[in-house]
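Below, in structure tokens: the form predicted on its own, a single chain.
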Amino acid sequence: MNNFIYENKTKVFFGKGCAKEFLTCLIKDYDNIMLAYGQGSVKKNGIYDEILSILMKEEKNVVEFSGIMPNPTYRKVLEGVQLVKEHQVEMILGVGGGSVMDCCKAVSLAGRYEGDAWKNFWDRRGIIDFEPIPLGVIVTAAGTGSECNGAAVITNEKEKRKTGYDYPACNPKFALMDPTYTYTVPRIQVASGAFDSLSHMMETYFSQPDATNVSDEIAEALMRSVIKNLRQVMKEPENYTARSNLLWDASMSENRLIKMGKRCDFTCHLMEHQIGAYTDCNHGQGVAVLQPVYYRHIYRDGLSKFARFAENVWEIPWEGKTEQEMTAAGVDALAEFIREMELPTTLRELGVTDQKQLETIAASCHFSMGAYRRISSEEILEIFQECY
């Protein structure tokens, strides 16, 4: 294992009924609370009423911050900051999936900062020498793992840039994770969220070091778990065991644990972020389109690891195969799983209609330092065109 420092300050309360059981004690020290959520699903499924009733019973002053969109924008963050200042918000309570949690983390940071938050914390990595507004999250969708890290991926519409950094100071103080809250998530969103988790695992796994290490062995187990439990959930949407496993898989993929000692290759996420910045496409579906094609471009630079992926994750037998054939079989298995889960396989399915725009998007992409091989803007464009 390479040297590392591990930190995670988020306290997780996991299981059926955890919000009813623990939320009251978690908010006791705060009077003015901002209740943040997305575009209305929590009102339809009853989660909003359940949480609001707890806040009202405790006589909290509640200001609502609603309408947080997928791919939250910096403009939306500033809207939240304005509410924070107008109502002297002491705590933010985010109820939703990754987009809500990311937006809330950004508001908790920018709400205590007097300068240009985008310029100093998203345009480049900054130093947080102050305490962000306390944040708690109630998770309603499995996917990003945002509940257990300090990353807030935000889109700057003016600059056509989608980016984020993981700041430990922005970790939620607590995360309430009730698997039953994920039951009403639409089928396609379940699949795209789970694939986002799988993507996080793969992008960490396919990077140096490749010598035997604990991080890779945990990642293999998590990848097998996502594949198995997503298949189960797609057959039985209210299978509690499978739902709970997917929810915890997502947290494990992004609570920094499997990144310890790893360089990490986030090339696909960086490419998808820019496609999302220009087209507002679904994130999990975007990486599902890109990942197999990207891996076919770079697997020769990490043959042994890709062959191990085929054997240990997809359980493909070695008999009669060369290392390169084994590697190709593993990437093919990934592509077939994407089709099996009815996720999109082309950029056109994501709403990318202007092929000429791909040149502009490719030129705006950044490379990942942890990749097996650095790819150029020209090769990124090739990947986009193959995905089109």
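Since this is a predicted model, take the numbers as computed values, not measurements. One rule holds for the numbers: they count along the sequence shown, beginning at 1.
The same protein also has a form predicted in complex with 5,6-dihydroxy-NADP (NZQ), omitted here; what follows describes it.
Heavy atoms of no residue among 262, 312 and 368 are located within 4.5 Å of 5,6-dihydroxy-NADP (NZQ) in the model of the complex. The candidate stretches are 125 to 133, 84 to 92, 268 to 276, 300 to 308, and the one lying within 4.5 Å of 5,6-dihydroxy-NADP (NZQ) in the model of the complex by heavy atoms is 268 to 276. 5,6-dihydroxy-NADP (NZQ) in the model of the complex comes within 4.5 Å of a heavy atom belonging to residue 146. Although the partner is absent here, residue 184 lies within 4.5 Å of 5,6-dihydroxy-NADP (NZQ) in the model of the complex, judged by heavy atoms. Within this chain, residue 153 lines the site of 5,6-dihydroxy-NADP (NZQ) in the model of the complex, having a heavy atom no more than 4.5 Å away.
Though the partner is left out of this view, residue 111 does not reach within 4.5 Å of 5,6-dihydroxy-NADP (NZQ) in the model of the complex, counting heavy atoms only. Scanning 201, 288, 104, 141 against 5,6-dihydroxy-NADP (NZQ) in the model of the complex with a 4.5 Å heavy atom cut-off leaves one residue, 141. Residue 39 is the only one of 39, 345, 357, 32 with a heavy atom lying within 4.5 Å of 5,6-dihydroxy-NADP (NZQ) in the model of the complex. Residues from 68 to 82 that approach 5,6-dihydroxy-NADP (NZQ) in the model of the complex with a non-hydrogen atom closer than or equal to 4.5 Å are 68, 70, 71, 72, in the order they occur in the chain.
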